[in-house]
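First, one chain by itself in structure tokens, the form predicted alone.
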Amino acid sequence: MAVCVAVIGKDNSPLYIGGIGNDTSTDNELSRQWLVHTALDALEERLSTTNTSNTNSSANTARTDLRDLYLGLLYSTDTHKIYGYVTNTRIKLVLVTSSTSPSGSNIRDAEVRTALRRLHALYADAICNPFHLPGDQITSQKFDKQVKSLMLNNV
């Protein structure tokens, strides 16, 4: 089950951090932010190794790697797993899930990939708003509602 979703800008500033659950206390919000920000180190490392391998490989394989924006599992803790996705414009999407679903089964990689692709589509719709300034935080209630729906239904 998804716990938190974050959209991080090019300069590693949070554009949106949203979570689900009944506990909206400050401690819970800080723990979500801590999980997301610690994932940025792993995400930046993965991006730098991908870029280095792309410059050393042939042009055909480089094109294949650039099309796959899903970075997979960035790291896991005892209670959470953190997945990453990067858009072509270097906007980072981070999905934090609990280590196991309520039914006790593990979350499949294909489910996470699909959820992050849908989040990317929601993000694209949100920034297409002519009143949204690029680089500003996403404050749209519609986006927040759609993200929470995505988190509850898909992961």
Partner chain sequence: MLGLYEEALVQYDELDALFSQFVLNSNVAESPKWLETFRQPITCWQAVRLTSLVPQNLRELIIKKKASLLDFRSYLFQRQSAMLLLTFKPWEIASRCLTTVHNTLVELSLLNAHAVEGAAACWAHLACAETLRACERISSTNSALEACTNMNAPLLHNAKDKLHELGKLCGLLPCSSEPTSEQLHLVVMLSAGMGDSEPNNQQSSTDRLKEALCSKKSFQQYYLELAELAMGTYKHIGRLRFARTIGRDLAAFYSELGETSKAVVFLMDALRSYEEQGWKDLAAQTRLELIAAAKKMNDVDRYAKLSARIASTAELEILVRNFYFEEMLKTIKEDLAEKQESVLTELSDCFKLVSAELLPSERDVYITDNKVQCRLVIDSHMPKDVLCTRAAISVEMFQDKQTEKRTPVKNYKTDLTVNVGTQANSPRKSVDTTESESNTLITSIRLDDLKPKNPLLNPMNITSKLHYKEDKTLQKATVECQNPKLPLRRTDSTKYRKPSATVRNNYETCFECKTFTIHPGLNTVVVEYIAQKCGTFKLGQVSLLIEGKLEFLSNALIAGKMGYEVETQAISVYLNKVEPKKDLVSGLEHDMELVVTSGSSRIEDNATILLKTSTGLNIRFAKDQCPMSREIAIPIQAIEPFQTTKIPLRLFASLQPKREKSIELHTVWLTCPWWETITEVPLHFSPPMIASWRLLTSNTRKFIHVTLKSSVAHFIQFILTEPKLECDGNNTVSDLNPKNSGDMIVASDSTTASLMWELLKDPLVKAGPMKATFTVQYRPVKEDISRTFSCPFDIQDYTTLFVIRTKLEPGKGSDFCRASQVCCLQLNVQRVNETEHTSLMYEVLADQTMWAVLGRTAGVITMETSTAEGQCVSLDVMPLGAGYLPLPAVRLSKYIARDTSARDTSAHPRLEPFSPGQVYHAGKAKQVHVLAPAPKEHLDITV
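Positions refer to the first chain, counted from 1. All of these numbers come straight from a predicted model, not from anything done at the bench.
What comes next is about the form predicted together with the partner chain, which is not displayed.
Taking the partner from elsewhere, residue 120 is found to have every heavy atom lying beyond 4.5 Å of the partner chain in the model of the complex. Among residues of the shown chain, residue 18 is not one whose heavy atoms approach the partner chain to within 4.5 Å in the model of the complex. Of the heavy atoms in residue 139, none are within 4.5 Å of the partner chain in the model of the complex. Remark: residue 8 counts among the residues lining the partner chain in the model of the complex, judged by a heavy atom distance of 4.5 Å or less. Here is the short version: of 45, 125, 109, 68, the single residue with a heavy atom within 4.5 Å of the partner chain in the model of the complex is 45.
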